[in-house]
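Taking the form predicted alone, here's one chain by itself in structure tokens.
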Amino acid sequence: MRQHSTAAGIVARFSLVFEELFIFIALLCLVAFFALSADNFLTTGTLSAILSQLPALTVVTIGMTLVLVSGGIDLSVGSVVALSSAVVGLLYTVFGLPLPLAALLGILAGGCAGLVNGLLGSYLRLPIFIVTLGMLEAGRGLAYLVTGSQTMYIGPDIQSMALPIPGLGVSPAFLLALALVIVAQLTLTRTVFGRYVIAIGSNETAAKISGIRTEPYLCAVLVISGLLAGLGGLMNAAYLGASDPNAALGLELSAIAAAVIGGTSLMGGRGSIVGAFLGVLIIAVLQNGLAQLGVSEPVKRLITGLVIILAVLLDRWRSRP
């Protein structure tokens, strides 16, 4: 039995590696297409624009991937990004707190939102879809209340997080996001916590029968998602130099699309953080490439929507018997 389980695990691991390789090849093809179609795509300016947009979406997608692997979904991450950014702006500009403390409290605000989602969804057994949908509205409303529905200018101090490091060409925010990708991938694949999350997402009833208390793990992934959305809010504020209550509108859809493109199943029990990061790169390259081709905003939204539908179809194809 153990040999069969080990063999199945090896097959599943090689399957994920193959999918990640396929996704990487698709990314290269997309880059080649825009390089041939747009005159200035392969320039340092375009690369800098793509890298500056990656950190917030990357950390949010990490949290979304963990939630999806557990069999849930977090629709509130975009609003939590805006709320956390608003908290940072309020504490720094109005109350005069030191920026590091304001940043920490902003991240914790995201964690609190995730904790509410986790307690309601795991311990009270309310549908996580509905709970996070409610938090999507509540979080956005709180962001408007905190900022008075106005953009709050923070200043250059916070922007240092989003500016390229001299000699490296990448920002501290990007390096932090990349480090979190590695840590999250190792956590998902090499720790008891990750194995339990995968087991719960594969079959929660079987996980309970085997002795796993599912509630703490389901709650934990939503708290992690909230904390990472809070970090995404800080990164977004650093990118803009301000707290915008309208920030991250629709970010949850981009995060879900990136995760699914990267091999994460909407049915739970299967996922890859590295693959999700490749999905983030595909989303970022697609958005920047379309902008350079002069595609109008409505058409860009249409194409992005089609990519999301394609990602769902890809997930259904992967999940077939």
Partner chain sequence: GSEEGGDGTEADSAPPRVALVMKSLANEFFVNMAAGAEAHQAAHSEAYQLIVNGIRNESDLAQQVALVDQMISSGVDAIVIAPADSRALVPALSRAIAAGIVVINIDNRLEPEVLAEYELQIPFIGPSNRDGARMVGDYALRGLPGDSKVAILEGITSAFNSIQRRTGFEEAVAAAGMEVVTLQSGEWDQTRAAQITSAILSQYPELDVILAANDNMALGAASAVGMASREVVIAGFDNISAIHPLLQSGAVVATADQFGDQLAVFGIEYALEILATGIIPQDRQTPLELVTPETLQAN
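What we label the rigid core is the largest C-alpha set whose atoms superpose within 1.5 Å from one form to the other. Since we're looking at a predicted model, the values are computed, not measured. Positions refer to the first chain, counted from 1.
Quick note: we don't show the form predicted together with its partner chain, though the next part is all about it.
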For this session: Consider residue 240 of the chain shown here, and say whether it contacts its partner chain in the model of the complex, taking contact as heavy atoms within 4.5 Å.
Result: yes
For this session: Although its partner chain is absent from this view, report whether residue 151 comes within 4.5 Å of it in the model of the complex, heavy atoms only.
Result: yes
Problem set entry | Partner contact for residue 169 in the model of the complex: its partner chain, 4.5 angstroms, heavy atom | no
Exercise. Are any of the heavy atoms in residue 26 no more than 4.5 Å from a heavy atom of its partner chain in the model of the complex?
Worked result: no
For this session: Could you tell me which stretch in 104 to 112, 88 to 96, 240 to 248, 174 to 182 has residues with non-hydrogen atoms within 4.5 Å of its partner chain in the model of the complex?
Result: 240 to 248
Exercise. Which of the residues spanning 34 to 53 lie within 4.5 Å of its partner chain in the model of the complex, based on heavy atoms?
Worked result: 39, 40, 43, 45, 46, 49, 52, 53
Exercise. Under a superposition restricted to the rigid core, does residue 25 display a Cα displacement of 2 angstroms or more between this form and the one not shown?
Worked result: no
For this session: Pin down for me whether the residue 298-residue 245 Cα distance shrinks or grows in the model of the complex relative to this form (closer or farther, change of 3 Å or more).
Result: farther
Exercise. Considering a change of 3 Å or more, are the Cα atoms of residue 308 and residue 36 closer or farther in the model of the complex than here?
Worked result: closer
